[in-house]
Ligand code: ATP
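Given as structure tokens, the chain that follows is alone and in the form predicted alone.
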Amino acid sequence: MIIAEELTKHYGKATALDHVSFTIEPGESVALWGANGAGKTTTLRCLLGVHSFEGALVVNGINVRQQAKAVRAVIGYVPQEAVFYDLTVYETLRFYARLKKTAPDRIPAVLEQVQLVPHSAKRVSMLSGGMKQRLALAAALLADPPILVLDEPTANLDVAAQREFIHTIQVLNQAGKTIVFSSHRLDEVIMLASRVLILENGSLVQTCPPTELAEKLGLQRWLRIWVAVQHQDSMLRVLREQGFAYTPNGRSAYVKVTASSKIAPLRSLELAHIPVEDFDLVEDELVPPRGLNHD
């Protein structure tokens, strides 16, 4: 589906991509992982044909350098944060359907795919962040492209909206869409990707299954747990007494976990009758932003 050979991109004297080569098969879901400036977004923009580059890049049998417009017709693109006019959801999709020269009778189907049917008459300004991201996905799906390209798709969403969006992408991938996405979230990569391309300073340094990513990069998993204000002190006491490494963060706490012990802190809080409002599996380098408590 996608073949990149010696993909190279310079911005003046700076090298954003340095002879990057990879292939992506039809129906795969591939994550691009790396720090800011690693080359993730530049790679996606090359795929979309909006950046000039050196090397060879073929998408769905189309030479990107020669037929960039044709490539964009087979890719649905979802940016990190889409910007819309303040139309209704349905009017917004009619606008994009005209831009894409797609029949408007596709709109009901894509609204159903992204669970926005009940909100079709709402103005965009009334939507939550998660709904706006689903609207961006709906616009990307209007032409029923075989490939979806997503740039940090859940970076600005709350935990519940992240889960809903990831589930929708999983369903699309299971239905045969090829997914290429950049991410800095370990849990998102594990849930969505079948393979990870690790970029560093513009070079492709490793390719691995998502389950091996944390170990290869020396990342640490953290379970972030939220409780009501009145239970905050009790939560920290239980975590301390049970020997967990943790750090407080407002109404939440980051608790250090392993792949086999993700649920242990939640069980300890349940046994102590401390209700958990929400939780999320996150990753950081070695410690979260604030001092770590060990007891």
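The first residue of the shown sequence is 1; numbering continues from there. Just so you know, these numbers come straight off a predicted model, no measurement behind them.
Below, we refer to the form predicted in complex with adenosine-5'-triphosphate, which is not included among the displayed structures.
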Exercise. Have a look at 23-31, 231-239, 39-47, 65-73 and name the one stretch with heavy atoms inside 4.5 Å of adenosine-5'-triphosphate in the model of the complex.
Key: 39-47
Exercise. Just give me the single entry in 224, 184, 123, 163 that has a non-hydrogen atom within 4.5 angstroms of adenosine-5'-triphosphate in the model of the complex.
Key: 184
Exercise. Look at the candidate spot formed by 191, 257 and 280 and say whether adenosine-5'-triphosphate comes within 4.5 Å of a heavy atom in all three of them in the model of the complex.
Key: no
Quiz item: Would residue 263 count as a contact of adenosine-5'-triphosphate in the model of the complex, using a 4.5 angstroms cut-off between non-hydrogen atoms?
Solution: no
Quiz item: Would residue 16 sit within 4.5 Å of adenosine-5'-triphosphate in the model of the complex, counting heavy atoms only?
Solution: yes
